[in-house]
Each structure stands twice: as C-alpha cells, then as structure tokens.
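Before any questions on how it binds or moves, here is one chain, the form predicted on its own, in structure tokens.
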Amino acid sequence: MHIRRMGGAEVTVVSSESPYFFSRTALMYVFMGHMTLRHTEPYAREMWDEWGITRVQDEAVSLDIHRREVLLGSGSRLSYDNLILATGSRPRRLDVTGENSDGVHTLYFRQDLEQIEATIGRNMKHAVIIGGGLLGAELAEMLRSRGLFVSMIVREKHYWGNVLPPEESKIIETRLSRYGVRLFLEESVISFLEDEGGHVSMVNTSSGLQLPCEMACVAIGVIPETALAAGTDIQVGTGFLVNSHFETTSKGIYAIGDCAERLDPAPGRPATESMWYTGRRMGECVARTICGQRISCDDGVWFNSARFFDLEYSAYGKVSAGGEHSLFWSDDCHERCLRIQRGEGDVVSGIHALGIRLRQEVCERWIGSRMCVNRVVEELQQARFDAEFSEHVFPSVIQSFRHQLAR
C-alpha cells in the first residue's frame, strides 16, 4: 500500500493461505462466534483492485535470483525487480512421539482453525494445551467457550516465566483457575498416545502425569519461515539476515516481519520480532527505500497487549522477568497490578499493567524521553484511561510508589 501510495511500481502479492489479508490474532473470535472470517479482513475487498495490487493465491516454492523470478507451486513463474520476503513464521514443534496424531493441533493459519473446528465437532470433553504464553491463553479461552475441560502444561516455574515477574504470573494463574483451566507448572510433554483409530487419547509428561484428552494444542512459539533461501545466496541465521534497511544479502531482495533477523537491532530489542506493529513499520520503511527514499526503521518503544480471559495486559518498554529494581503495586484482592521498571540512572525503562488500562502515548513518552521514575510517579494520573475506575485506584498506587521510593 505504501509503494502504491508513493506512485511506485506494480505490486503482486503471493499467498497460499488466503487471497485477502486478514487479522491473524482475530481467529480466536471467529472460533468463539464473535466474528466471521470476513470480519477479520480490515480492508474492503474492492480496495486491492482499486489500489492496483495484484493478488495471486499460490505457494512460492523457490527463487531463481539470477533470472529474478519466483517459482510457484502451480508451475508458473513471476518476475520481479524488487522482491520482499514477508513469509512470516511457522509453529514450533515439540518433536516427540505421537505429535502427528489426529487431534493434535496448532493455531496459526486459517487452515488450523478449520482443522480444530472439524475435530471439536466430535464427542469430546478434555483438551490439553502445551505452552503458556499469549496463544496458550487464547486457546484456553476458545476451548472453554465450547465447554471442554482444559489442562495447560507450562515448563516454567510460573506462567510465562520468561516474560513476566512472579507477581504478575500469579495474578494470571489465579484468573485461569477461576475460568476452569487446570495449570501444571514445571512440566513438559514427552509423548502423545493414540487410540486404535490414530486419534490422540493421552498426553504423557516428564513427571509421569498421564492426562486423558480428545484434543491437544501445541503453543510453544514460532520459528521464522526461511525455506525460500535454499539454493540462493541469501544468508540465514534464525531468520533472513537483514541490515537496517531490511536488505538481505542478495541484491534487490528484502525481508520484513517475523521472518527477518536484524543484524543491528536497537539496544534492548530482539533481533527478530513477531509483532504486528513492528511489521507494519518495516513495511513502510522498505516501501520508502524501494521508492527512492532510503531510510532506516524507527523501532519506537516496545509495546504489547493481550487478554487473559477478561484480564487485560499491556507492556511498554522493557521489564525484568525477575521483577528486580522496580516499583510494584497490587490491589488487596491481587486481581490487578502495576509495575514501573527502574532503569540505569533511575529512569523509567518499562511498565507492566494487569487489569488497569493506561494511555499508550503517555507511557511511550515517559520511556522514550527517559524520564526519571520519581517524576513518572508524580505524573501517573496523566496515564489514566478508565477515568471512573482509575479515579479510585490511582491515589493508592501513587501512595504505594512514593513509599517505595522513600525507602
């Protein structure tokens, strides 16, 4: 869209998954009946033709970089002057016995949703989810909405332990339990058992647990999809290696989104990011470069948001998973909390909020300007989003933070 907006070249988009761009994170709401697949498309279908963007529903199977062509699964070829690889990622596998059994799923592609729907139509009661990140929580809510008993296996000592401090994890664990999710911490899957028909019937764990189920969902992260680099001079690490302009090691070929691995990530940022808003920024950056306005991408302040059933979560900047060097407040019921990370020089480096909605632009301004934590506490009221609710909560939060600063 940016290329076309700048009056640039003809654009052809190849996708084997769907002929129209859709919001992948909305698939759970389709499953729960809140939306249809058509509702997940953010643009009117007429827009693609109006903008002069050609859509090809086919699979790109290989690249001929010397002839500057993309070979498609149908056998046809597409020529290009500039090629943008936005192949995304694929679900990470457990690589254990029985993982390919009928009834063992991931949730990433639209086709995954269709397979889950086909499976859940059978007479089933129990489901097991392997992995406790954001996708694991989404799957739990989806399956509970259909009345299934859900067990979740998490290898860390506390929920999403590589991201969240223990206090935040405990709040989420309590919320999951309230909605009927059985959580098994410090466990890992060693195998899946099948019934006589080849359908999953049991999950075996490292501690000897045997969890009966008619469905299992694996949600242990993703891996950049880099298969198209085979037979080319495009260098690959975890993803396609790119510079600050998202140029790969092959002239005229770029990579953006989940599949791109940056050689020079900003301080404190990962080399690969599976975030929609960073992907959008990468797209604009590459478009400008191709159209003669060569620029580097402004990463901005890290941001993420999600829901754990009815519990809202948002994160800004970087917060230590150990929770050290931070100010922390939780209500008396331990249902909501707020954490401010104290970075080097006692400036704010990150903010976590659970059950409290904050103004994104305010939090990003504080972190981007490296504001002193003391001043952030005094300006905390500026971040109030839910005015009626936070009017009663924020005085307690500020008082607690002031007390912690004084110690």
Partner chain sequence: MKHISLSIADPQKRWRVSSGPYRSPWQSRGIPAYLLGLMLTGFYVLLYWFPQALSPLIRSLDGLSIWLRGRSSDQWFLYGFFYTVAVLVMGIRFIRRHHRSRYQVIRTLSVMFFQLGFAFLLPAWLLRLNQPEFFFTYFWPLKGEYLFPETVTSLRDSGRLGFFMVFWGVMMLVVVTPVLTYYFGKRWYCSWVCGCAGLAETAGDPFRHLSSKSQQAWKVERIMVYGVLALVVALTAVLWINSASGGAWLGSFSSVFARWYGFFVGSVFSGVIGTGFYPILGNRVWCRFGCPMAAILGILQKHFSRFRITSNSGQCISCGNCSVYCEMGIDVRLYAQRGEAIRRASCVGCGICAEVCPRGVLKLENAPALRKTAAGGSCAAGENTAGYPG
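Just so you know, these numbers come straight off a predicted model, no measurement behind them. Positions refer to the first chain, counted from 1.
Keep in mind the form predicted in complex with the partner chain is missing from the figure; the text below concerns it.
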With a 4.5 Å heavy atom cut-off, would you call residue 302 a contact of the partner chain in the predicted complex? no
With a 4.5 Å heavy atom cut-off, would you call residue 54 a contact of the partner chain in the predicted complex? no
Given that the partner is absent here, does residue 391 sit within 4.5 Å of the partner chain in the predicted complex, heavy atoms only? yes
My question is simply whether residue 240 lines the interface with the partner chain in the predicted complex - judged by any non-hydrogen atom within 4.5 Å. no
Which listed residue (109, 80, 149, 328) meets the criterion of a heavy atom within 4.5 Å of the partner chain in the predicted complex? 149
The partner chain: the contacting residue among 225, 99, 335, 195 in the predicted complex [heavy atom, 4.5 Å]: 335
Work out which of the listed stretches, 309 to 317, 246 to 254, 287 to 295, 100 to 108, brings a heavy atom within 4.5 angstroms of the partner chain in the predicted complex. 309 to 317
When the partner chain is considered in the predicted complex, the residues of 267 to 288 having a heavy atom within 4.5 Å of it are 276, 277, 280
